[in-house]
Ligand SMILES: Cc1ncc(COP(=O)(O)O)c(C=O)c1O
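There is one chain below, alone, in structure tokens, taken in the form predicted alone.
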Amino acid sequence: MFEHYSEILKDLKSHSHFRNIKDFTEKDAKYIYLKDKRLINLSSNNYLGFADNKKITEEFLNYTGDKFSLGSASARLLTGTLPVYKELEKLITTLFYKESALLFNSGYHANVGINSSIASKGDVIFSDKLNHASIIDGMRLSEAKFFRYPHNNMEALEKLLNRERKNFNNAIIVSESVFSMDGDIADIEKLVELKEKYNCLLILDEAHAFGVFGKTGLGVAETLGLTDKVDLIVGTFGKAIGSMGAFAAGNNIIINYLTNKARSFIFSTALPPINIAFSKWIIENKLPFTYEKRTKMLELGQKAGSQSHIIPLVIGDNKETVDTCDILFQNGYFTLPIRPPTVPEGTSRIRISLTVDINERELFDAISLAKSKK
């Protein structure tokens, strides 16, 4: 029986697809420690440096003391809701000028739960080709029909809508705002125009933008002044906020619907209260003072040719990508090879994720090293 799995693993290794879990000994806001080496971490989603920050952690614990427990021991709909959960949901609701919000355990939980339940048999979902795996998995679990339009191709999306929308009851358009593997930004203005023209709901996953983009850090929709035009905004606390969990913000009807239908919400033990409290504390007490640092980080990403703080260095071949990561490792940088199925065949890459602690010299030294390998 196990020979089947063994052969698959051998095949993964032979094509430089095999993944393993690294044995890190320590992390902080900028560095990661592996094999007795201190490495500049270019593969972290800790964009604002809040996670693994001893000063931040100490300040939070001094503030909260022993008020919050380390486990909820129940799903939210049973006994897993305490006042702090409702307080964080109310905070998100207020920030986004929405009617309601719902917490999920992770961005994956949110996208799977939302996209598997938001559309039923007789409905349709239109999804960007490069949307995150969690969105794709959610659509696959749905009973709805779904179409994946070419990445950021609004003309192709409109052709699909014109051809298919009339054949279905409810229709949903779903997109990331900042795409996680390419660092480019969706044409949200056009998405809003198309959702209104063809009577669709628009779901926007701001996972990599929440905490980074916008005057108050709410995301790309805030930057464009379109928050009110997006029907459901999804974000995560596990990246820029440096915590754990995710949220969806929308009107009362859609949030009540998800509360009753999103299986990843209904059947999951709630996150520990201390995580919820930490997310709330960061958003209220730390995020408002990050605008200048965030702006500089985004400007640095743009200087490197990206639209955001995510900079893809597309190499193509799996083995060459792995070898390039090894060279960067020897020179004091930690990066990871991004390979299929995360990205399309032939587009293996190193994805540099900037944080506010990475400076221009460090970034361009790393890019030069990677390009010299090519």
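The numbering used is simple: start at 1 and walk along the sequence shown. Everything numeric in this text was worked out from a predicted model, so none of it was measured.
FYI, the form predicted together with the ligand isn't displayed, but the following is about it.
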> Heavy atom to heavy atom, is T269 within 4.5 Å of the ligand in the model of the complex?
Replying inline: no
> For H132, is any heavy atom within 4.5 Å of the ligand in the model of the complex, or not?
Replying inline: yes
> Do A207 and the ligand share at least one heavy atom pair within 4.5 Å in the model of the complex?
Replying inline: yes
> Is there a heavy atom of S180 lying 4.5 Å or less from a heavy atom of the ligand in the model of the complex?
Replying inline: yes
> Which of 269 to 277, 119 to 127, 72 to 80, 234 to 242 has heavy atoms within 4.5 Å of the ligand in the model of the complex?
Replying inline: 234 to 242
> Here the chain is shown alone; which of G107, G250, G138, G219 has a heavy atom within 4.5 Å of the ligand in the model of the complex?
Replying inline: G107
